[in-house]
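We begin with a single chain expressed as structure tokens, specifically the form predicted on its own.
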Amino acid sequence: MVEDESPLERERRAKVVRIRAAGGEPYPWSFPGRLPTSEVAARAKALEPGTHATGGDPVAVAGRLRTTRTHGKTSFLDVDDLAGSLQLFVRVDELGEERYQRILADTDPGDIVGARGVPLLTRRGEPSLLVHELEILAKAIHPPPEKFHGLQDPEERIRRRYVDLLASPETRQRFVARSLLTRELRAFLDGERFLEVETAALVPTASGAAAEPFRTHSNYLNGPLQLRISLELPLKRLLVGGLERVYEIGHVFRNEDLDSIHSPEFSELELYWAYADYTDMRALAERMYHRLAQRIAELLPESPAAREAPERFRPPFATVDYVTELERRSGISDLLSKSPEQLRALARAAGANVPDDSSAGKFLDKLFEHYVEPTLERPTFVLDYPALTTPLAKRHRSRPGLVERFELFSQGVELGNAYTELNDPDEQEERFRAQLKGRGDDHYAYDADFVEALRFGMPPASGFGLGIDRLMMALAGIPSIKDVILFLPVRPRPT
């Protein structure tokens, strides 16, 4: 017995005791043979109003009991499963007085129940199951949240996502759509002859992005390890090893804040394509996003943003040049000739809070974030970044001081990042070491083993990375990353 239980919870717990005393089991091991409620409803709709199926075997459904409406010797129980809802038609004439009354006495909203019977279409045309048998499959001690209110506190919705899911069909539908969208992404890449791989989450050196890693210690190795912040460098090692088209969908971890577009743990896709460059990757990205947009429209037909996604993400996407657009929007000329001190002053004048020892690339990115990103409403490729911003990309073949890189933006949010990959080991080592001379928080960790791998020869290649969570947000019009990740870290409840 839990000391702080409410009277209602104590009453429900007493029902568990009573059911067991009568020889029942309120938490049985299984309920075989169940059908989705949608399938039973479809069978019922094929009947004439006021009739039930005859001549066939009984069917079974199971789900969460939402409401019970009793009218004398007849009761209507509404049950939900992942496929939808179904009305259970329970009456004395079918069950007998004792079984009928026991069902009403033992069940409560929130219980998981299983029922067997035959499809029925009521006189009013309501698809139903005429119940022959009903049993409790899991007695709910806590009552469910109110149907029309659910969990209102955003932190409680994250902390107790299971309650959010059981209270909100929309939440369930959204997370089912996210999983099926990821399946579609895999199908697309498999069709493009990419090979899905898995790489380690615990690494000696977390590199591939400018982010603070989570650190731990290995008892076996008697040394430090870090959780990966990117999938990039392990996948490029696979190009060295002869795997020419690879991708991974996995979790990465960054020791940063949780806000509307960032999470310390998130799902990332990275793919690498040998013998291709960033122009090839742009075309692939357009095809991929358009296919995913078509799929989200099928998965979430009631969402206006999802319905509009296929047209919104129809190729070709817009393009802008990083330096040209930043100079045009900011009114600042000759950006690439500015000293780090001048760029720092400009970034601070634009409202950026950046440490003095940040890199010149960091200051440029803060300026771009302020002046340009909010203007990128439609899907847009931003092309050809300053080399100062990107230590892992190949220098531009015709524009000194730039690298062959694009980022994809939509509605002011970055949705993907791609390079023509740097594969010169000496230049890569030089760029890593140049970054380490700075003392800001925006440098890439030096990965000596990756440089060693490049010395064996990595083919020309392009890579692309995107956050699965932001992908879902962009396609379905969801404003916060907190609504597309099932479980997130939250602060403890106040004591």
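Not measured: the values here are computed from a predicted model. Numbering starts at 1 and runs along the sequence shown.
Although not depicted, the form predicted together with the RNA is the subject of the following passage.
Asker: Can you work out whether the RNA is within 4.5 angstroms of a heavy atom in all three of Arg123, Ala210 and Asp257 in the predicted complex?
Answerer: So, yes: the whole triplet contacts the RNA.
Asker: So which of Leu221, Val92, Ala200, Val197 gets a non-hydrogen atom within 4.5 Å of the RNA in the predicted complex?
Answerer: Contact with the RNA in the predicted complex is made by Val92 alone.
Asker: Just one of Glu170, Glu146, Glu298, Asp190 has a heavy atom within 4.5 angstroms of the RNA in the predicted complex, so which one?
Answerer: So the residue touching the RNA in the predicted complex, by this definition, is Glu146.
Asker: In the predicted complex, which of the stretches 269 to 277, 115 to 123, 300 to 308, 232 to 240 has residues with heavy atoms within 4.5 Å of the RNA?
Answerer: Comparing against the RNA in the predicted complex, the contact stretch is 115 to 123.
Asker: Is the gap between Lys366 and the RNA in the predicted complex 4.5 Å or less for some heavy atom pair?
Answerer: So Lys366 counts as contacting the RNA.
Asker: So in the predicted complex, does Lys362 come within 4.5 Å of the RNA, heavy atom to heavy atom?
Answerer: Contact check for Lys362: yes, within 4.5 Å of the RNA in the predicted complex.
Asker: Within a 4.5 Å heavy atom cut-off, is Pro109 in contact with the RNA in the predicted complex?
Answerer: Contact check for Pro109: yes, within 4.5 Å of the RNA in the predicted complex.
Asker: Indicate whether Thr74 is a 4.5 Å heavy atom neighbour of the RNA in the predicted complex.
Answerer: Yes.
Asker: Of 314 to 341, which residues get within 4.5 Å of the RNA in the predicted complex if you count heavy atoms?
Answerer: Contacting residues: none.
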